[in-house]
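The data below hold one chain only, encoded as C-alpha cells and taken in the form predicted alone.
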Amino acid sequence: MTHPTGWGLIGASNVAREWIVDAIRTQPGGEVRAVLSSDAGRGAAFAQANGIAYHTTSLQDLLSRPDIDAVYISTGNRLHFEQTIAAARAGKHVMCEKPLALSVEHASEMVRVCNHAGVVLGTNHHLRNAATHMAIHGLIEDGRIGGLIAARVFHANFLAAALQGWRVKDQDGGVILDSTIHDIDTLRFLFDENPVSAFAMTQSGRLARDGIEDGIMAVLRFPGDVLVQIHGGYTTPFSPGGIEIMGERGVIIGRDCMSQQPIGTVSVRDADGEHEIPLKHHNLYHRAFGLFTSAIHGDGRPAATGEDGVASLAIALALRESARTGREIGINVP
C-alpha cells in the first residue's frame, strides 16, 4: 500500500536542489509541497525551478501546514537545533543534515524531543548508503580479511566555487563538520564501533579564513587498538576519494567511493592476489529517503538515525578539540 508523504524543505540549498527533491519524489507517494528560505526571492526561484507549489520565509507557516508530514533541514549548522525542535513539536518527522547541531548537548536534546513527540529523526549521512561501503561492511563482517589492524580514508577534493560560502567563511563551518564528519559516520558503520580517542592537525588559509580549517590529517583509535588515518580537505583538485581497510589476512580497497555519485569499486587483496567484488550501484539518496519513508510509516529505521548523528558529532568535536589543543582527546559517545 502506498502511503502519501508530504514534505517541506527547510532551506533552499544546493543539496536539496541537486539530490533531495528527486530522492523524495522517487518514493511512492512522496511529494515536495513547500520550501522555506530566509530569502524570499531565493525561495520563490527555487520553488519555480523545482515545481514546488508553495514557498515561505516563515518556519511557523510551513510547520502549520497539515499536508506536510516530514521536513528535510539543510539550513546553516547553527539553525538545525531550533528548527528540529520546532518541527518535532509540530508533529513533523525530521531528516536533518549533518551536523545535527553544534554541541553534543543540543544534538542529544534533538533526539530526546523527537522521541518524546513520537516522530522519526534521521541524519543525512549519505555515504553509508553507497553500494561500495555496504559491500565493505559485509566483507568485514564476514571476516574476509581477518581481524582489523588499521585503515586509511582519503576524502580530500577541491571545493566548488558555488559552495565556497559558509563552509570557508563561517566559524560554524570548516571541513571537519562539513566533510570529515561523513568519514566518521562511514567508519562507525563499517566497524560497528565508536573510536575511543582522536588526534588531529588542521590547515587553514588556502580557501578558508580566520582560522577555519580547510584541511585535516587525523588519527582515530578504535577498540582493539585499530588505528585509522583520515585525510580531508577542500583544497586538493584531482584527488580521488578512497578507503583501505587492513586486516590480518588481507586488505579491502575501495576506490572513488567517497562521493555522492553512485560510483567506485571494491576489491580484496590477499595471498591469492587482488579480486574485484561485484557491485550493483544505486542512488545513495534514493536509498536513504526510502528507508526514512519506511521508518515514518512504521517499518524499520533510517539508514542513519538521530543517535548516529549525535555520535558522529561527538567524534568530530573531539577532532576539533585535538587540533586546537595539540592533544589526543578521549571520546565518550553518549
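Residue numbers run from 1 along the displayed sequence. Note that the structure is a prediction, hence the values are computed from the model and not measured.
Another form, the form predicted in complex with a small molecule, is not on view; read the next lines as being about it.
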Q: Can you check 58 to 66, 32 to 40, 296 to 304, 265 to 273 and let me know which stretch has heavy atoms within 4.5 Å of the small molecule in the model of the complex?
A: 32 to 40
Q: Using heavy atoms and a 4.5 Å cut-off, decide whether Ser197, Asp308 and Asn332 all contact the small molecule in the model of the complex.
A: no
Q: Using heavy atoms only and a 4.5 Å cut-off, determine which of His155, Arg128, Lys98, Arg188 is in contact with the small molecule in the model of the complex.
A: Lys98
Q: Go through Thr132, Thr180, Thr84, Asn124 and name the one with a heavy atom inside 4.5 Å of the small molecule in the model of the complex.
A: Asn124
Q. Thr202 near the small molecule in the model of the complex, any heavy atom under 4.5 Å?
A. no
Q. Are any of the heavy atoms in Gly242 no more than 4.5 Å from a heavy atom of the small molecule in the model of the complex?
A. no
(Q) Considering non-hydrogen atoms and a 4.5 Å limit, does the small molecule approach Thr236 in the model of the complex? (A) no
Q) Would His93 show up as a contact with the small molecule in the model of the complex if we use heavy atoms at 4.5 Å? A) no
